[in-house]
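Encoded as structure tokens, the following chain is the form predicted alone, with no partner shown.
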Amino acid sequence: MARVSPELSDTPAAGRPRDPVLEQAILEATVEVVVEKGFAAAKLDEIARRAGTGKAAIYRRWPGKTALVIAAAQNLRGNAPVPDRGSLREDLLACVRHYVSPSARAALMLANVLAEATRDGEVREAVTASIGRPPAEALRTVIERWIARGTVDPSVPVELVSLLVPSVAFHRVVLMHEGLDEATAVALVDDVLLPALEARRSS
């Protein structure tokens, strides 16, 4: 990874935006350190050194290590927008594909974060708010939309169904250090979600 020169860590002039190159360098260095050493052993000094900056640059952007590590994990996975692609199956696929890990490194990063969440309440709350809840809410919104459109029966337990995919995805990450692959994502939609929703509608 390219290092950022120390002068880029200087406080930007008033009214000027933060340097996105430096921020990305810090996020990438965070992933490197957490993957190599684990959440608990990751130190801000080491992260700053690898990013070619100082701890002050980190604290100007994140209040502490938990917020930084969560941001780094989110940066690997991206946001979880609510899709509207014209069919229930395509919307479900878009939601489930959010959990497909872009790389083994991304899965290992998330595994470290989730493992720490089982031991640390602050981390658990941050993971739930920033990583766990948004994609589950996107899936729930999709199901509710297709209920409103008359495609899915309103008696479907939306909350329960919306938690199925993250439960499977995070189970794989924690126990096997593997994210969902494309084939598993499609199988979850075609063999689990759609049959459950369509069975309700046809019953």
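Position 1 is the first residue in the sequence shown; the rest follow in order. The structure displayed is predicted, hence computed values, not measured ones. Each form is matched to the other, and the largest set of C-alpha atoms that superpose within 1.5 Å is called the rigid core.
Another form exists, predicted in complex with another copy of the chain; not displayed. Remarks below refer to it.
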Any idea which of 30-38, 64-72, 51-59, 145-153 reaches within 4.5 Å of another copy of the chain in the model of the complex, heavy atoms considered?
-> 30-38
Kindly indicate whether Thr118, His171 and Leu175 are, all three, within 4.5 angstroms of another copy of the chain in the model of the complex, using heavy atoms.
-> yes
Among Ser103, Asn79, Ser87, Thr128, which has any heavy atom within 4.5 Å of another copy of the chain in the model of the complex?
-> Thr128
Any non-hydrogen atom of Glu182 within 4.5 angstroms of another copy of the chain in the model of the complex = no
Within a 4.5 Å heavy atom cut-off, is Leu164 in contact with another copy of the chain in the model of the complex?
-> yes
Is the gap between Arg124 and another copy of the chain in the model of the complex 4.5 Å or less for some heavy atom pair?
-> yes
Counting only non-hydrogen atoms and a 4.5 angstroms cut-off, does Leu22 reach another copy of the chain in the model of the complex?
-> no
Has the Cα of Ala40 moved 2 Å or more between the shown form and the other one, judged after a core fit?
-> yes
When the two forms are laid on each other by their rigid core, does Val165 show a Cα shift of 2 Å or more between the shown form and the other one?
-> no
Superpose the two forms on their rigid core, then report whether the C-alpha of Val142 is displaced by 2 angstroms or more between the shown form and the other one.
-> no
Assert for Asn112-Phe170 (C-alpha, 3 Å or more) in the model of the complex vs reference form: pair closer
Direction of Cα pair change Leu114-Leu188 in the model of the complex, magnitude 3 angstroms or more = farther
